[in-house]
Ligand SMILES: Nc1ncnc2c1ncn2[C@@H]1O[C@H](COP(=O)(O)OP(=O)(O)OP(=O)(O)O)[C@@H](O)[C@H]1O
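As structure tokens, one chain now follows by itself in the form predicted on its own.
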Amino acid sequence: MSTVQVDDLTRRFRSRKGREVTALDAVRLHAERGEVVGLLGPNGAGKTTLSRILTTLLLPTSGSARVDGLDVVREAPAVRERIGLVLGGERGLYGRLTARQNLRYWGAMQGLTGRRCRSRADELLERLGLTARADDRVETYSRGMVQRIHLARALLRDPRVLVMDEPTSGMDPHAAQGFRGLVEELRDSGTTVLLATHDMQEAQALCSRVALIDHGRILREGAPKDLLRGLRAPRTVTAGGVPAATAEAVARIAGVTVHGSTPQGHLTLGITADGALSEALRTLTASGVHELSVSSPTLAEVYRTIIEDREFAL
């Protein structure tokens, strides 16, 4: 049995204007032990609703969800012992308390008592590199340090499943990279992670599978490499100092699309057909072009193809 199993999960509610809104529409999803599954989609797509149902903070309208074999509705207390929630931002922490005080408070709220609560808080502070600042108020912490406290809070009960909702939002690149390293450690130790994120690079680096969700429905699901292969997303070749005759020859190769060219010989190509890449590179290098770069397709291209643009649609 999968560590996380979601079957036909639906959640409806009424808006303030009395209109019925479907936040989740018959969602089916699973995650195995030690797997990182990404939930990708725009704001309002249903990612947070799914996260809240799995962590027993919200009831579904219909369908079912199980964590470690336990129903999130009928066996909610047992589910809470096995699942942790990592939020983005300041939610869920008390800024005027120290990191140590926050963890001891939340440990007590989760049923840890006395010496066990204190030792577990200290253990996590050390593991996440926060011992030196453990007795400083959280309101003095950087964004990356706050996120480490969120993770420590979620790990207090050593959960089998972690649900992360935009955990690196607002982090600088160094902090985000460090946080991803922690996720990799947890994955390798057997923790199952559901990662809701807008960061395509993060999802492609961490996730064994991703689910693209919009309007409450999963539109596509699979390993990033399989989604890229199914999309047949183009590779991009950029070249400088390309003679005009060579540019014309490359443009005639089947499977090559010229995305841009300049009189100075700068050329940008999209490559889709099998064999077209090697033929284009041979043609360019044979004419003495050495300023070349090849970019592989990314998960961002899959996202842009499948998820409609609501921000800038005219």
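Don't overthink the numbering: it's just position in the shown sequence, from 1. Treat the numbers as computed from the prediction; the structure is a model and nothing was measured.
The next section is about a form of this same protein that is not shown, the form predicted in complex with the ligand.
Annotated contact segment (heavy atom within 4.5 Å of the ligand in the model of the complex): 42-50, selected among 42-50, 26-34, 64-72, 258-266.
In summary, among the residues 21, 306, 300, 292, the only one with a non-hydrogen atom within 4.5 Å of the ligand in the model of the complex is 21. The contact residue chosen from 198, 137, 217, 118 relative to the ligand in the model of the complex is 198, the criterion being a non-hydrogen atom within 4.5 angstroms. Although the partner is absent here, residue 202 lies well away from the ligand in the model of the complex, with no heavy atom inside 4.5 Å. The ligand is not shown here, and in the model of the complex it never comes within 4.5 Å of any heavy atom of residue 221.
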